[in-house]
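As structure tokens, one chain now follows by itself in the form predicted on its own.
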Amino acid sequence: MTKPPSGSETHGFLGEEFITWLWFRWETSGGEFILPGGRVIGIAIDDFLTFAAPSDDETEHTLRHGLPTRTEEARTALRQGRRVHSARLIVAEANRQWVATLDGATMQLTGVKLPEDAEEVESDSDRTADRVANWLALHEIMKALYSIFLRDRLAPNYRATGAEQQAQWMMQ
């Protein structure tokens, strides 16, 4: 009996497209997003970017240090149609900042660095509650951003609007 394909095997491309879309939005419109409730979120790609292998017999291409999105290697990978597999994101809201690596195929966040503990944290239980709140906030932010991406991606006119704009950006 064969095992049914996992979500990452059948829909992992959406997470990879999501990372590319975040990169596109960061470079073309500053990476600022207005979430429901008027929350303003900033997104940037930090010092780690991995491109998926175009076929099973090739290797991933990883760029580290500085701003890998600004390198010729990254631009060439995009022009060649390579998919962004993972990226280290900086997520900011007001005075809070998270850093995490997002795996596109699985949508897992790894290596998460939470914002500094709030000033009013006085005990271990307060610290735990603050950190849980920050984890939950990051989860909510990523979920909201993905919803915005899907709304754009699934729009009837996506190919003529968003996809065309992103394709032009990728070819630069």
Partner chain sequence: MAALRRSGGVVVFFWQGKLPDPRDAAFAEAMAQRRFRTIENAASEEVSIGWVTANDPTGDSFAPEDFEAGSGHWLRVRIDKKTLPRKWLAIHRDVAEKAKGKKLSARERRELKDEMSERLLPRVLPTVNLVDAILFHERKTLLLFATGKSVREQFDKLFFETFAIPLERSDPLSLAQKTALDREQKAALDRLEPVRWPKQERSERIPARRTRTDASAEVDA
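None of these values were measured; they are calculated from a predicted model. Numbering follows the first chain given and starts at 1.
The following text describes the form predicted in complex with the partner chain, which does not appear among the structures shown.
> Does the partner chain, in the predicted bound form, lie within 4.5 angstroms of each residue among 11, 14 and 146, using heavy atoms as the measure?
Looking in the predicted bound form, the three residues 11, 14 and 146 all sit within 4.5 Å of the partner chain (heavy atoms).
> Exactly one of 111, 30, 36, 66 has a non-hydrogen atom within 4.5 Å of the partner chain in the predicted bound form; which residue is it?
Checking each option against the partner chain in the predicted bound form, the one that comes within 4.5 Å is 111.
> Residue 61 near the partner chain in the predicted bound form, any heavy atom under 4.5 Å?
Although the partner chain is absent here, residue 61 would stay clear of it in the predicted bound form, with no heavy atoms inside 4.5 Å.
> Taking the partner chain as it sits in the predicted bound form, is residue 139 near enough to touch it, meaning that at least one heavy atom pair lies within 4.5 angstroms?
Looking in the predicted bound form, residue contacts with the partner chain include residue 139, since a heavy atom lies within 4.5 Å.
> Is there any non-hydrogen atom of residue 107 lying within 4.5 Å of the partner chain in the predicted bound form?
Close contact exists here: in the predicted bound form, residue 107 approaches the partner chain to within 4.5 Å, heavy atoms only.
> Report yes if any heavy atom of residue 95 sits within 4.5 Å of a heavy atom of the partner chain in the predicted bound form; otherwise report no.
Because no heavy atom of residue 95 falls inside 4.5 Å of the partner chain in the predicted bound form, the answer is no.
> Can you name the residues of 138 to 172 that have a non-hydrogen atom within 4.5 angstroms of the partner chain in the predicted bound form?
Those in contact are 139, 140, 143, 146, 147, 150, 151, 153, 154, 158, 159, 163, 164, 166, 167, 168, 170, 171, 172.
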